[in-house]
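Encoded as structure tokens, the following chain is the form predicted on its own, with no partner shown.
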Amino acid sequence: MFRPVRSIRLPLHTAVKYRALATAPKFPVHAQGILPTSQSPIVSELQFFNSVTGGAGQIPTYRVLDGAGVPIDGAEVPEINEEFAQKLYEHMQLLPTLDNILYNVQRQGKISFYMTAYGEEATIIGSAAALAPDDEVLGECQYREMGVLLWRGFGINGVMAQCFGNQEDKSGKGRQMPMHFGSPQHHFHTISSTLATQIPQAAGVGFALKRDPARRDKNVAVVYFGEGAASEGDFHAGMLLASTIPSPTVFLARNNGFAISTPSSEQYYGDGIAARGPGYGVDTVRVDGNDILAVMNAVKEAKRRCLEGGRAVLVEAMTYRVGHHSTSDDSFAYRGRQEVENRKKIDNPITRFRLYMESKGWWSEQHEEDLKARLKKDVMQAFKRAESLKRHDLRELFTDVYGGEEPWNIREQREELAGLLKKYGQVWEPWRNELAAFKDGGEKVGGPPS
């Protein structure tokens, strides 16, 4: 039974530890001049500080809706109509529908890997809705940006094609693990497994946009990453580049409490990821990542500041990873089952927005039943279709590596495989069964490049 609350105190591993000794400098009104080549005032009193706020407290978290879906006092509720609100909600509900089915599909051995987005739907869909469809998105550090692609029209069939690696997979022609999406059409750069690599790349993409007269005042680069990825050196390289070159890049840190099994309380001693932004001189905000309206407002304003100032903006979305890290993980080995169940009950981002919609007269129990039935039907149809399709031609294993004429080393490898297939392909049963799954049955491997 869901029990909404107006305000909650986040557990230690999701909220940032309060540093009792954190202090902000109290500079005298009359300084002893300015340090040459800077704007730093000279003072006679020795002071140390370790807080980026005006006082000794934590960085505040921006929120619009409380846990019961009621706008808090003084909050600016974005102007959205019933149709747009329902679109937001449908995409939020689509994520767990896909997650439920594809997680079980992986457990049946039909796909090799999967990652869910349980509990993080508001951060994903809210940020996607705040961006233009041609803003450049880079996301890899949690592999949970599928919702951004769905918001942009990638489609359920596209998701299934990538996860199954079938002949309709346009992300990587079946050469990538499931959840490693990419789509030039949707301005979504292919996900990389290597942690944090796309953070400095995003800064470069933002710089390229700034140099393009047709896009410099229109588009930004946006990179999604977790608080665990922010512990990598690439995070600092990206922030440094985007703040000093500079480049219009939104750094969206999704602080969901865990870097696989490491709780955020063991990842850093300071006030979360948001505390690092001022060190690079960039505008920074911490937002309630379970409040879709707050996320929309924060990311929309972050983009505006990016374009206006031409440099990076850092957004830290505070949420909670309800699901396991991936199908390779059992999170109950390092956190209590009751902790997860409590968070699902008291701070569910989907339920929070549903309550808001109900208060506006935009949603009902019948709407809910109809939506869930339709989404489940659509996902199951896409799953059955994807499962029945063959993979790309096997020769695609050697394409898209180099442009122009096929180089000698690729040709040599391709011809070696063709020889092995000719010798063993129809006599060794494992190979014979595997080749049957490819559209060309492996027959085109030895032919000239297409």
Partner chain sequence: MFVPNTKLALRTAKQRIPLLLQSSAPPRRWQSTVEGKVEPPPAGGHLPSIATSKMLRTTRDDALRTPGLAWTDDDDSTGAVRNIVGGRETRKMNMYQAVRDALSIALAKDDTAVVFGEDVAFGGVFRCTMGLAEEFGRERVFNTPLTEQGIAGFGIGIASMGHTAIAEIQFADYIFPAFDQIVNEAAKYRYRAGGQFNIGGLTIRTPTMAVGHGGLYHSQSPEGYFMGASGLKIVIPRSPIQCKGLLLAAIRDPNPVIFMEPKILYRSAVEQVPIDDYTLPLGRAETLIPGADLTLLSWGTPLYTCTTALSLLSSPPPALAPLVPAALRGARVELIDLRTVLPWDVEGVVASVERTGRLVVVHEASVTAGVGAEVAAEVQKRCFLKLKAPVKRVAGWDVPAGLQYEKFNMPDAIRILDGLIETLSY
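Residue numbers count along the first chain shown, from 1. Owing to the predicted nature of the structure, the values given are computational and were not obtained by experimental measurement.
Missing here is the form predicted in complex with its partner chain; even so, the following discussion is about that form.
Query - Contact residue in the model of the complex, from N297, T351, Q93, S231 (heavy atom within 4.5 Å of its partner chain) - result: When its partner chain is considered in the model of the complex, the option within 4.5 Å is S231.
Report task. Select from the listed residues T244, N157, S261, S359 the one whose heavy atoms reach within 4.5 Å of its partner chain in the model of the complex. Result -> Among T244, N157, S261, S359, a heavy atom within 4.5 Å of its partner chain in the model of the complex occurs only for S261.
Query raised in the report: Counting only non-hydrogen atoms and a 4.5 angstroms cut-off, does E266 reach its partner chain in the model of the complex?
Result: Output for E266 is yes: heavy atoms within 4.5 Å of its partner chain.
**Report entry** N50 within 4.5 Å of its partner chain in the model of the complex, heavy atoms
**Finding:** Judged by the heavy-atom cut-off of 4.5 Å, N50 is well away from its partner chain in the model of the complex.
Query - Close approach of A68 to its partner chain in the model of the complex, 4.5 Å, heavy atom - result: Close contact is absent here: in the model of the complex, A68 is far from its partner chain, nothing within 4.5 Å, heavy atoms only.
Query - Non-hydrogen atom contact V43 with its partner chain in the model of the complex at 4.5 angstroms - result: It does not: once its partner chain is placed as it appears in the model of the complex, V43 has no heavy atom within 4.5 Å of it.
Query raised in the report: For the chain shown here without its partner, which stretch in 146-154, 221-229, 297-305, 281-289 has non-hydrogen atoms within 4.5 angstroms of its partner chain in the model of the complex?
Result: Within 4.5 Å of the partner lies stretch 221-229.
Query - Residues from 176-208 in contact with its partner chain (non-hydrogen atom within 4.5 Å) in the model of the complex - result: In sequence order, Q176, M177, P178, S192, S193, T194, L195 come within 4.5 Å of the partner.
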